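Listed next as structure tokens is one chain, alone, in the form predicted on its own.
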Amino acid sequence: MRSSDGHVFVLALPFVVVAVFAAMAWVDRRRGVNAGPGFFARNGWPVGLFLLLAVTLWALFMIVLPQLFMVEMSFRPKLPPAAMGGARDVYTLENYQYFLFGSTTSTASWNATHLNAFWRTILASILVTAGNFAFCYPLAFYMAQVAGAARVRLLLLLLIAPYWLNEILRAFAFRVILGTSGVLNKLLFGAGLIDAPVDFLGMDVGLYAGLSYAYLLLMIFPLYNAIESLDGRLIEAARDLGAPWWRIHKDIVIPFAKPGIGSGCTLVFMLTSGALAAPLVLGGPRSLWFTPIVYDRFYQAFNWPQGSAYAFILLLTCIAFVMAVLKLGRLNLGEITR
């Protein structure tokens, strides 16, 4: 099929997507998942209609259509502008073949460089997500159930203030701290703990620390919002009955906070796997992140169809991760977006 014939399909598909999500919402409503008054009952018809139209138009023209055109481009060959839409502009799988085998004509060997970078990015994103959850959960619980109002305000200020700086400036700050002649190495050397500088950046410590720090708030705020709505009397009753602290969290807090956990893990994983600035600034000489490879396909090789294929593969993997989180947590989309 020629690519010009696929444009009609791309333009029609958003309406199919809207219909699918509307059907999912209707099914959840029928099952009683989203109990309580409906959207228009809560907001009124004028405000509800405005919000619905604004969000729909924003999602279609800023998210859905660009993504669909990227997907459509990923199945097209690299051609000069004059040949686009011509007889040679037909749909092909050669861009996906190149991702797997490093060639559009041969399948003799795997594209080890790009495949290793892809799986390393996915694994590292999962580890960063797990590390962020392990760090943020105790802090979110303390802020939501233990600390007073004044201390919560102070902690929120301390968390938010560093994010007044640009993400790139924060990445360079990590480079200054963790470089071989940086602050941390000087402190360790001055304390007599090391005899030679430690290459934290070469070991990717700076990369993982920078990525974890960059998306910290996206984990802690969903957790805080979920745990804050938990009735503290349930925790007090469990303590009175002799339940240990780990049992309280396992059987009461974590099950109640599952929507916040799912939302935070989804946001952190997707943004980490798609990060570009931090890997470029903090990556070591042996580290290879997948998103700079996607960037190079677009702006170094000037092969937009191949870059679109790489981006689409990453998008599908992120969607698969979100679906896995929902399945493991027995959640639905309505719960994590609440």
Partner chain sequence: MTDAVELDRMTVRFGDFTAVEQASLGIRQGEFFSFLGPSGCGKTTILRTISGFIEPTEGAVRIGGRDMRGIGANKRPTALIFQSLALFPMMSVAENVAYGLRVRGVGQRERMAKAEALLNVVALGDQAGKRVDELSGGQRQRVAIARALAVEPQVLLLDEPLSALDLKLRQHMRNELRAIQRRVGITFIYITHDQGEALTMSDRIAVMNRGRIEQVGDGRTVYEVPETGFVAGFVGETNALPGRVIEVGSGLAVVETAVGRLRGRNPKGLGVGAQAVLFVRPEMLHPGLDEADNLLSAVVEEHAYEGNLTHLACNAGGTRLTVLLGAAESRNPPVEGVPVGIGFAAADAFVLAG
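Predicted, not measured: the structure shown is a model, and the values here were computed from it. Residue numbers count along the first chain shown, from 1.
The following text describes the form predicted in complex with the partner chain, which does not appear among the structures shown.
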Quick one: which of 178-186, 148-156, 240-248, 112-120 gets within 4.5 Å of the partner chain in the model of the complex, going by heavy atoms? 240-248
Proximity of L218 to the partner chain in the model of the complex, heavy atoms at 4.5 Å: no
G85: heavy atom within 4.5 Å of the partner chain in the model of the complex? no
Does any heavy atom of G190 come within 4.5 Å of a heavy atom of the partner chain in the model of the complex? no
Heavy atom of L165 within 4.5 Å of the partner chain in the model of the complex: no
Heavy atom within 4.5 Å of the partner chain in the model of the complex - residue from L79, L93, L234, M203: L234
Can you work out which of Y208, Y98, F256, F133 has a heavy atom no more than 4.5 Å from the partner chain in the model of the complex? F256
Taking the partner chain as it sits in the model of the complex, which residues of 144-158 have a non-hydrogen atom within 4.5 Å of it? Please list them. none
